[in-house]
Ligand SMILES: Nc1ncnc2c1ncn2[C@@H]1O[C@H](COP(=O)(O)OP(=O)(O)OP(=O)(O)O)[C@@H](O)[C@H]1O
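Taking the form predicted on its own, here's one chain by itself in structure tokens.
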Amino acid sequence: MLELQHVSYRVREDQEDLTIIDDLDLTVEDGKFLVVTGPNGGGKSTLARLIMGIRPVTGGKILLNGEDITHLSVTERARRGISFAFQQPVRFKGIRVIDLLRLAVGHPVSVAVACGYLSRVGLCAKDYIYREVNDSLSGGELKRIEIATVLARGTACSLFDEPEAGIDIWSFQNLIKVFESIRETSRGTVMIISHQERILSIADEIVVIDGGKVVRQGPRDEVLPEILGTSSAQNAACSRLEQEG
């Protein structure tokens, strides 16, 4: 179980103190497929980075299965069982896909096992297993390879920061299929930061963050209609203003 207790993150910018995450409480039960959403600038991506340890909290605690991991490094949190997938996956010139998968697993797995992870994310293994993770790969291909490395690690908690960012519609459709498969087969907790309705619609739970706080958390069937209703109302209001103008 992942617990955030009174977590805050404040920064000093242009001689001004800014609060990005404000006394936030969040509990994520084991095995949940959770999607975190909310307005731009609300603190969603920062939250994911605090959990992974990419940024240090300035207040509160983060617990994983009862252990206080607040002050552990990224590497130590990864060893405890947290994985992170970036909005923009890193390219590694000179490193092949199979090398990346073996690094993720932590030991030299066979080509057949590595190919299995690529197949799970909808990639033809023989076309990718020996490719370099460089500029020859599209954004959608990189995203799926990165997800394959997360699957290869098989960690207790996997974080995905806006996985739909920077990919085309065709790649997005395939990405949805990958996450649907993960939802059905994964035993660990999956947390996705996303605005996309298609991703929200396959969540077990949805968390809405605004102003650095959790303003809503609950089952998808309860929270998603509220979100869509608010969006519809805002769109209708904008349309009326445009007509009146």
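Residues carry their position along the shown sequence, with the first being 1. Keep in mind the model is a prediction, meaning the values are calculated, not measured.
Another form exists, predicted together with the ligand; not displayed. Remarks below refer to it.
*Among 65 to 73, 37 to 45, 199 to 207, 22 to 30, mark the stretch whose residues have heavy atoms within 4.5 Å of the ligand in the model of the complex.*
One stretch meets the cut-off, namely 37 to 45.
*Using a 4.5 Å cut on heavy atoms, which of Lys61, Arg216, Arg183, His195 is close to the ligand in the model of the complex?*
Partner contact (heavy atom, 4.5 Å) among the options: His195.
_I need to confirm a contact call. Of Gln173, Gln87, Ser138, Ser119, which residue comes within 4.5 Å of the ligand in the model of the complex, counting heavy atoms only?_
Result of the distance check: Gln87.
*Is there a heavy atom of Glu162 lying 4.5 Å or less from a heavy atom of the ligand in the model of the complex?*
Glu162: yes, in contact with the ligand in the model of the complex.
*Examine Val11 and determine whether its closest non-hydrogen atom to the ligand in the model of the complex is within 4.5 angstroms.*
Yes - in the model of the complex, heavy atoms of Val11 and the ligand come within 4.5 Å of each other.
*Taking the ligand in the model of the complex, which residues along 212 to 227 bring a heavy atom to within 4.5 Å of it?*
Read in sequence order, no residue approaches the ligand (within 4.5 Å, in the model of the complex).
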